[in-house]
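First, one chain by itself: the form predicted on its own, in structure tokens.
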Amino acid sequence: MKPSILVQLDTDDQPSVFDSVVAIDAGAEHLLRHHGITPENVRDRVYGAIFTRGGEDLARTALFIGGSDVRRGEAVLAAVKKAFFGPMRVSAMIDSGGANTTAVAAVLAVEKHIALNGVTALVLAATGPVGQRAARLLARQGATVRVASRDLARAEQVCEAIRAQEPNARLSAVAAGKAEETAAAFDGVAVVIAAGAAGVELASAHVLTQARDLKVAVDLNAVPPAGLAGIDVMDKGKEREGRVCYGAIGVGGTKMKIHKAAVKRLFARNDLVLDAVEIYELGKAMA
């Protein structure tokens, strides 16, 4: 059997050290790191991957799309898939900014404690890459999802984008720029995932005190202050005020396991494309 080769396609000026280390720990025997990847220059990298091995050996080469800009990563993935033809393809995974694996880990943490079908969930800072994916995955599992943002128009755009992917999704855009708006957004909510920028409090202790129906809270911010007041970054299924709480590091262990498992899965076949939904299904099977 030929050695496994992971081609790291990073849209940033330098390849991510984090993604490189995880790839090696996941068992990639050789790692080829490329930076400055764009939809325009990625084709020749793809051709280098698919024209060098044939038959079953194609499964021993795979592509990992990363970088800090999720939109750029998605455009690169589209160009990668366009470069494939017939059996000439290799498996590919996208996890720009860790958005897919983080969102998947957050949703799986929630599902340990509550069935999502029929519940009302709130995603704070839902217009960011992690928030968008968390909202989609929650809706896909049957939750009624409130997509919250300081900018209501942007929240509505996210709802439309998710509906294009999940036609049966039950979504509503809500404003959460002011304390009273955020408090109203929590009314009747059983699940909240806070996916905001580092060091930004999205819901105060006063707001959370009023959220009487809240059962599971996940805060993905690892930098003080917490995105959800009162949640510790290390919380992992910790009960606080009658609610099950997760902090960023509490979710991070699962994120890392899913990331490594997804990289390993790339070498099982030569025709996998692992995006948010596929990575969720992988994580669900591991749970």
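Just count from 1 along the sequence shown to find any residue number. Owing to the predicted nature of the structure, the values given are computational and were not obtained by experimental measurement.
Just so it is clear, the following notes concern the form predicted in complex with a further copy of the same chain, a form of the same protein that is not shown.
Chemist: Please check if residue 284 has a heavy atom lying within 4.5 Å of any heavy atom of a further copy of the same chain in the predicted complex.
Modeler: So residue 284 does not count as contacting a further copy of the same chain.
Chemist: Using heavy atoms and a 4.5 Å limit, would one call residue 233 a contact residue for a further copy of the same chain in the predicted complex?
Modeler: The answer is no: residue 233 has no heavy atom within 4.5 Å of a further copy of the same chain.
Chemist: Quick one: is residue 70 in contact with a further copy of the same chain in the predicted complex, heavy atoms, 4.5 Å cut-off?
Modeler: Taking the distances in the predicted complex, the answer for residue 70 is no, it never comes within 4.5 Å of a further copy of the same chain.
Chemist: Indicate whether a further copy of the same chain has at least one heavy atom within 4.5 Å of a heavy atom of residue 49 in the predicted complex.
Modeler: Yes, residue 49 sits close enough to a further copy of the same chain in the predicted complex that at least one of its heavy atoms falls within 4.5 Å.
Chemist: Going by heavy atom distances of 4.5 angstroms or less, which of 65, 245, 262, 37 would be at the interface with a further copy of the same chain in the predicted complex?
Modeler: Going through each option in turn, the one that passes is 37.
Chemist: Within 4.5 Å of a further copy of the same chain in the predicted complex, which residues of 27 to 59 have a heavy atom? Give them in sequence order, or say none.
Modeler: Going through 27 to 59 in order - heavy atoms within 4.5 Å of a further copy of the same chain in the predicted complex - the hits are 28, 29, 30, 31, 32, 33, 34, 35, 36, 37, 41, 45, 48, 49, 51, 52, 53.
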